[in-house]
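Okay, so here's just one chain, in structure tokens, the form predicted alone.
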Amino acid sequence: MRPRVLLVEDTPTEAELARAHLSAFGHDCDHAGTVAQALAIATTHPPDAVLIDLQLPDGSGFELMRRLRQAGVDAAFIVVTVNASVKAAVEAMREGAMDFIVKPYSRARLQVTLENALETRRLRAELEAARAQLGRGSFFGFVGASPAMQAVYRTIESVAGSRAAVFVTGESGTGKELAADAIHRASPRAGKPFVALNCAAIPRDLLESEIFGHVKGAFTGATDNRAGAAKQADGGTLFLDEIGEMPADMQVKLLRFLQLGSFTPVGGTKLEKVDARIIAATNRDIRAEVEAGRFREDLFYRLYVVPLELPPLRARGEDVLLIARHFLEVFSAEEGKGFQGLDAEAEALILAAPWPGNVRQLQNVMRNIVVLHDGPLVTRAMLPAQLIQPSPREGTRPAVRVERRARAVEPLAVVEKRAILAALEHTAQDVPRAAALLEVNPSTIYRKLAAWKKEA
């Protein structure tokens, strides 16, 4: 798209010359001779760059820049001045101008200045967008700023506008339904229904009716016509959770529905057509299920168009603290408690815990704390015993054990290295958790590892 430049110049001859240059550069050019005209044009046709003469009939270039910024105009400001007012031009740059040129200027000078300003503006916009992406601490119900979750957010944004089926995988409690809901809410279907169905929670003989509905008299207890999840999700999104639990005969019927976009309710004779985006999820290894013959390969390829894997909580670094604080705030408000945060020891223990139940387990722990306790800070004494005591698999060994020689004193560097390696082994090489156990900054461990690798 051609850059749009707003030229603010009240001298007709100079304005005409500048417009000729801008046209030759391939830019769309709007011209204003006053502050008022410039404001009217910029708010109607937002420019990419503004060439501003400092001396205007109804005000100064300084005033115009301030009013343009107040109006939300995001453009590269370039001040045009005469030799006698170079000092004023420098002052204008302090006020937000990106560059300045001095009258009379050559066509080449104008072109270089303008191209540099436009390129700088573009790079700044890209940098701000990248920072916004990397720094997001929440996204459609998710809480987390780790690189693993930023990748999840980007995938959701990329796939949201498509009609393609999405297959969400991840351990129990990682937020698979939350991911499906986020895809729906970020999509053009957001105003239509989002229908979630847990295939593992429905009796096998009722699953077909739950998905496709039934007509009156189809079976004992069918006292009226009933629309199933597929019909309810027409125009929106149908989320099939725990799809790996679906029986083989139902897999055949689901495959036919995906192929044709239509179905027949249980006991019915009329074919019904719907437009529903399908999102499926499982905490099983679905490829292993296919290889074992428990899940149809053709259905797998129908559903597994865009894979989305949710990371376990133990792989999300300090996200665990962000989520714990979030739940603490929410539950404290619900229960009327006075919690304001967690103390350092409680944070270290929460960060070091393995969280096999993932976010769902952390949610339950925080609710338990809020219900049973009160105070400004969550302390070690308020945490459930399993977060403080070692698990049965770990026996009674301490979290970090540094063996000591009975008859010799080792150099501090040797003791330090052994402690760090022991902590890393205990946490399956999870540096943030190891750092929490050792009560040091993760950067310290990264720096030590790099130094040891270099020495080796």
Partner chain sequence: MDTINTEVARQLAEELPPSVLRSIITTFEADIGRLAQELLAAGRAGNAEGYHRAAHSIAGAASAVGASRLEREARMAMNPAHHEPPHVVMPRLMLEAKAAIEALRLLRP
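Please read all numbers here as calculations on a predicted model, not as lab measurements. By rigid core we mean the largest C-alpha set that fits within 1.5 Å across both forms. Numbering follows the first chain given and starts at 1.
Only in words, not in the display: the form predicted together with the partner chain, which the text now covers.
Interface residue among Arg380, Arg107, Lys337, Lys253 relative to the partner chain in the model of the complex, by the heavy atom within 4.5 Å criterion: Arg107. This chain lacks the partner; the member of Lys103, Arg284, Arg294, Arg163 within 4.5 angstroms of the partner chain in the model of the complex by a non-hydrogen atom is Lys103. Comment: 47 to 55 is the region of 423 to 431, 47 to 55, 32 to 40, 64 to 72 lying near the partner chain in the model of the complex, near meaning a non-hydrogen atom within 4.5 Å. Taking the partner from elsewhere, Thr11 is found to have a heavy atom lying within 4.5 Å of the partner chain in the model of the complex. Interface membership of Leu17, defined by any non-hydrogen atom within 4.5 Å of the partner chain in the model of the complex, is confirmed.
Taking the partner from the other structure, the partner chain in the model of the complex has no heavy atom within 4.5 Å of any heavy atom of Ala227. In the model of the complex, at least one heavy atom of Val82 sits within 4.5 Å of the partner chain. With the core superposed, Arg107 shows a C-alpha displacement of at least 2 Å between the shown form and the other one.
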